[in-house]
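This document starts with one chain, in the form predicted alone, laid out as C-alpha cells.
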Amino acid sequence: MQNGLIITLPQCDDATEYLTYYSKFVTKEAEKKGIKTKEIHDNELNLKDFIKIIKKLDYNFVVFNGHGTTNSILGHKANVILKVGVNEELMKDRIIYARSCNAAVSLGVECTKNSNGAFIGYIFPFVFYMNEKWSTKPLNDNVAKLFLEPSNQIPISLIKGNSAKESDINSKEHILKNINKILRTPSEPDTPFIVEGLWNNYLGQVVRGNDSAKV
C-alpha cells in the first residue's frame, strides 16, 4: 500500500454537486502536500471500475462523497461501489472518510474489522441545507458552507498529518463554532433547522477502527 488519495466525485444531483465542489479544497490540500490523488468521476463510479482502481493504485486514503445506506455507498446515480459482503475487504488497513448517510452503522464496522485502518463517517443521515439561489455556484452558498466546511476538516486534517481521532475532534470543534455563530446572529426563520442539522452531524459523526491511524 502506498501513500495516496482516492476520492469519489459524483455529480448526479444537487447534493452530490455540492459535495464535489467542496472536495476541491481537499484535493488542493493533497496537492500542496505532494500526495498523489486519483479523482473518480461519474461513469467511472461503478462497482467494476472502483474495484479496479483500488487494486491498481492501492492508495492508503479513500474519501467517499455520495449517497449511502447503513451497509453501502453509492457512486454515480444508483451504482453501488462499496457494500458489505461484496467488496468491503478492499478497505482493510486504509483510512476512510465517507461523507455519506448512515454508512458508519454497518459498513464502517466491517471495513475496519481485523484492520489497522480507520473509518470516519456517520451513523445518522449526513445533513446539509442549500440555498437554491446558489445551486449553480455552491461555493457562494453561505448556508451550505456551515455544514460542508466542518466536514472538509476531516480529510484536510488527515492530509496535514493528524490522526483519525484528532481529525474527528477538529471537525466537531468547527461544527460547534458554527452553531455558536448562528445562535449569536439575529434570529432567522431557518435558524432552528440549521442548528438542528449541525447538531445531528456532530452526534452522528464517529470513528470506527483504529482512531490513532494517520495517512
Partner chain sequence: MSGEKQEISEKIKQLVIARIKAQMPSNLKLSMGFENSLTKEEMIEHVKAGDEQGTHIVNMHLNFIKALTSGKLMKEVNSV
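Residue numbers count along the first chain shown, from 1. Treat the numbers as computed from the prediction; the structure is a model and nothing was measured.
From this point on, the text means the form predicted in complex with its partner chain, which you will not see here.
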Exercise. Pick from 25-33, 176-184, 153-161, 57-65: which stretch has a heavy atom within 4.5 Å of its partner chain in the model of the complex?
Worked result: 176-184
Exercise. If you check in the model of the complex, is F126 within 4.5 Å of its partner chain, heavy atoms only?
Worked result: yes
For this session: Tell me, yes or no, whether N140 is in contact with its partner chain in the model of the complex, where a contact means a heavy atom of each within 4.5 Å.
Result: no
Exercise. Would N131 sit within 4.5 Å of its partner chain in the model of the complex, counting heavy atoms only?
Worked result: yes
Exercise. With a 4.5 Å heavy atom cut-off, would you call Y202 a contact of its partner chain in the model of the complex?
Worked result: yes
Problem set entry | Heavy atom within 4.5 Å of its partner chain in the model of the complex - the one residue of A118, C101, I81, M91 that qualifies | C101
Problem set entry | Heavy atom within 4.5 Å of its partner chain in the model of the complex - qualifying residues of 11-46 | D13, D14, A15
